[in-house]
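Shown here is one chain on its own, the form predicted alone, set out as structure tokens.
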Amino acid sequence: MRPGRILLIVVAVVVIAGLGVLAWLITASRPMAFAGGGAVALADYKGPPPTGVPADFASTDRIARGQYLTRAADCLACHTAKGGAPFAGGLAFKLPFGVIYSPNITADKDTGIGGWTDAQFLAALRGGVDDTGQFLYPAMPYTAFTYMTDADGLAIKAYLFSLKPVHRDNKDNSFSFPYNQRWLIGIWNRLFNANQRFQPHPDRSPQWNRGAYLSEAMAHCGDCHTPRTLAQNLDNHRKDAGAVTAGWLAYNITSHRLYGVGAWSDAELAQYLSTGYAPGRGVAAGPMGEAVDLSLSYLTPSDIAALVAYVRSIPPVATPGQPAPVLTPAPAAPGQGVAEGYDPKGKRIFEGACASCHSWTGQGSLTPWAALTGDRAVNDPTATNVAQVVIAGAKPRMGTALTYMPAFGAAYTDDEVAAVANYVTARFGAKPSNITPKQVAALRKQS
């Protein structure tokens, strides 16, 4: 065979393989592909409206509706810096290629969005393009908000504009080349932003469709719980199978009975989503704690039930390495029930700072919220979230959470955090962890 013909065949194979990879990446961006075909335009749907506010939401005032939807979309968490004014931006997102700061979205005309038209607001919300035509980085979940209706998006804008404007200059991002080239985001958008409104499925229940809208268009659950591809779009081939976000592990929430939430009851899921706690399942902390505190806890019972119905329909995906949680308490005697090889330093720290609340059995001494038995973080052999809770505590930045754990990050060294995290998983979990001081140091930088 001639060399030229061989080269042509090689090029053809490479092109076909490249197109196959691209097709795989693009299909990975479809969050509701698992539901099958049959979706229809919202105008053609004959069931109860899955968008807007729930039927049992009493107020019909546009500002009140906008507030409800703003909370459902969890805007406050990202657009409020620690100790800063609500929605005034400045929260740092530490990424592998630099730091991005959330912008001011108050109605201030100089530093916020007070001069934005409705069209400009919707373009930013759903298309990732600001009022100057500059591309936004997809840390802003516009690939989820793209499914939001005009009416809901503009109700959010109306609510934001009803609040007191805050004059606060936006911080410059610190991205290195080539990530600081925003024009590249335009190519990314064409590939991975659907740029379409929500389409309900008539073959599914009205409750399921409402839950789908809440999860995919508003709360953007997949942005934390779904792993990403090398192109940094969501890999919905492994939808909701769990991923590390901001240094915290967002767990598998598929219907898998071992690795996901398939073994949870509807009541347990509803309680966890609305309060951040379910007996024998654990307490929400970190980004999930904020999501409950600032967003999910404000949803009506009917909307929580809709979310539960939708989440339970997510196909099961296995995440090997996550053992079945231990559901029985540890022995009451401190010297019993711990796997061999644990660091005695971890036991001393637990005895001095943890046992009074959590108890040696892991059942919690002061409140059920302090129980460690069955907690997913404690049963995670990476101990990622256990270490993060020790470092950062379990108190949200604002709001009215029903639980509190102080942060010990300033009091303990990386070695001490690693030691107590490994002790906790050894005593109360299914498999002892072996997190290192170096890994703890890396977690500090991400949170």
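Predicted, not measured: the structure shown is a model, and the values here were computed from it. All residue numbers are counted from 1 along the displayed sequence.
The next section is about a form of this same protein that is not shown, the form predicted in complex with a small molecule.
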Even though the small molecule is not shown here, does it sit in the predicted bound form so that 32, 208 and 278 each have a heavy atom within 4.5 Å?
no
Considering the small molecule in the predicted bound form, find the one stretch among 102 to 110, 200 to 208, 329 to 337, 230 to 238 with heavy atoms no farther than 4.5 Å from it.
102 to 110
Taking any heavy atom pair closer than or equal to 4.5 Å as contact, tell me whether residue 248 reaches the small molecule in the predicted bound form.
yes
Heavy atom to heavy atom, is residue 192 within 4.5 Å of the small molecule in the predicted bound form?
no
My question is simply whether residue 74 lines the interface with the small molecule in the predicted bound form - judged by any non-hydrogen atom within 4.5 Å.
yes
Within 4.5 Å, heavy atoms only: does residue 97 come near the small molecule in the predicted bound form?
no
Looking at 88, 212, 125, 144, which is the one with a non-hydrogen atom within 4.5 Å of the small molecule in the predicted bound form?
125
Selected contact from 376, 257, 167, 345, since only one has a non-hydrogen atom within 4.5 angstroms of the small molecule in the predicted bound form
376
